[in-house]
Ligand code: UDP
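We begin with a single chain expressed as structure tokens, specifically the form predicted on its own.
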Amino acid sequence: MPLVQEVPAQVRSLERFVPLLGQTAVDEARALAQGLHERLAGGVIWNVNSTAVGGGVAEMLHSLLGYARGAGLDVRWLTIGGAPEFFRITKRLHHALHGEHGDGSALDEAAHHVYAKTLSRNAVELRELVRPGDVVLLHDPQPAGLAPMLLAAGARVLWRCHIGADETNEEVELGWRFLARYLDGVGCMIFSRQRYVPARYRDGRASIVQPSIDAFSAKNIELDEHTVRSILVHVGILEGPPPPSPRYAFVRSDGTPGRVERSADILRLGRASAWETPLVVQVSRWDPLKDMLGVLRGFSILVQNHAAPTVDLVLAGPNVRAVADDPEGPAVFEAVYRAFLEQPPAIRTHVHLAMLPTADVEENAVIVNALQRHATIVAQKSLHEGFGLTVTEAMWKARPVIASAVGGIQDQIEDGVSGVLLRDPTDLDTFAGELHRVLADRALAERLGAAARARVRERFLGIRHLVQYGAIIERLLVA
């Protein structure tokens, strides 16, 4: 079976943005795309990462490539493959660039051997597709080691780093030293924050582009209350029966109808949540840096120490058997489940651990959409975060968000205006107190949610993201 797989990208029209951003913004984006098309002269813009499902990078690529294709550009998406040992090493790199130990294994010459050998095998297949003069955008550490081979083949290579750490420590330095031999020859790099750029690349080659969401994807399209309830009852998050004449349908990115068919795997002590019960929700990959454990323990403090209304917690993530590039997922879910079992029954009856189906990417997305829209509060208590698209998504749905003041979350939320920032993500008492404050003050929750949606409309929709990428690639082509 080939290691390199092409991911289909559906064509999406930029005209969708006119009601939100106006005709002028759309016309400017289309003009930039036309100029880029002419400069490419038949060349292709390739995006390469490690997975088409799970995580914010894959979600952004699905939408951004669709809009780029709709604007007339030949943009394509490839995923690379490898053995579990390769993905263990890249996960170790992921943690290191966040300043964490991960599994603590050595990023030594043995690791380089596995990493480089795997990517050399992928490069053999890539060279059958990529032609001299094509543009290749490599995303994150997994495919970074392809850069020297692609440059030697005559491609124009950019590296997009979606992760990073606000403060440098030994782990961060270790991660950058590992990648340096593969990246030092790359002349154009893109980061989400200026503070993520390592000192060795602060020489003019780095650009800053903040991520975005697609307001018209299955993850973010408007859903009425009837559809939200139907979906959440069907997948098992809410107690049934579904409302009269339930609606499970949604519109896919290619304009065809979709339907929620699958259910979630949910671990709980008792019954599903009632429609009327307030929900605290965190949607994340099962990754230790997302701190699902901390959310569970903070929620336990809320229930035990505050005179809070009846409230349930839903911790939701992908099915741990479905995300190939995240070998830690099963272990993290198991750790969260053990912590769940340690809670007294009075807490466990209000906690729901949900593994959402991922066989159909857009079905998964609309389930998340429904869950975020129904949430009373969306939490994102990450210990580290590259940007935090789940925050952006919840803000777009006008939900009050309580999130850690780490990484790109700080660029999204204005504390006390468009959400609540936790200065110390490990302070569970403060987290519980903020949950109680927002749960108890409906007017505050509504103000935070309204300001959150307005901020996303202004700064974090996909057309801005596309224009920035286009300008960077244009500069690369004329250099």
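Since the structure is predicted, the reported quantities are computational estimates derived from the model, not experimental observations. Start at 1 with the first residue shown and count on from there.
What comes next is about the form predicted together with the ligand, which does not appear here.
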In the predicted complex, Glu393 touching the ligand (heavy atom, 4.5 Å): yes
Any non-hydrogen atom of Gly175 within 4.5 angstroms of the ligand in the predicted complex: no
Partner contact for Leu296 in the predicted complex: the ligand, 4.5 angstroms, heavy atom: no
Heavy atom of His139 within 4.5 Å of the ligand in the predicted complex: no
Listed residue (His95, Lys381, Lys219, Arg76) with a non-hydrogen atom within 4.5 angstroms of the ligand in the predicted complex: Lys219
Contact residue in the predicted complex, chosen from Pro198, Gly408, Pro318, Gly82 - any heavy atom within 4.5 Å of the ligand: Pro318
One stretch from 202-210, 383-391, 115-123, 399-407 that, in the predicted complex, holds residues within 4.5 Å of the ligand by heavy atom: 383-391
Complete contact of Val283, Lys290 and Asn364 with the ligand in the predicted complex (any heavy atom, 4.5 Å): yes
Those residues of 343-357 which, in the predicted complex, come within 4.5 Å of the ligand by heavy atom: Leu356
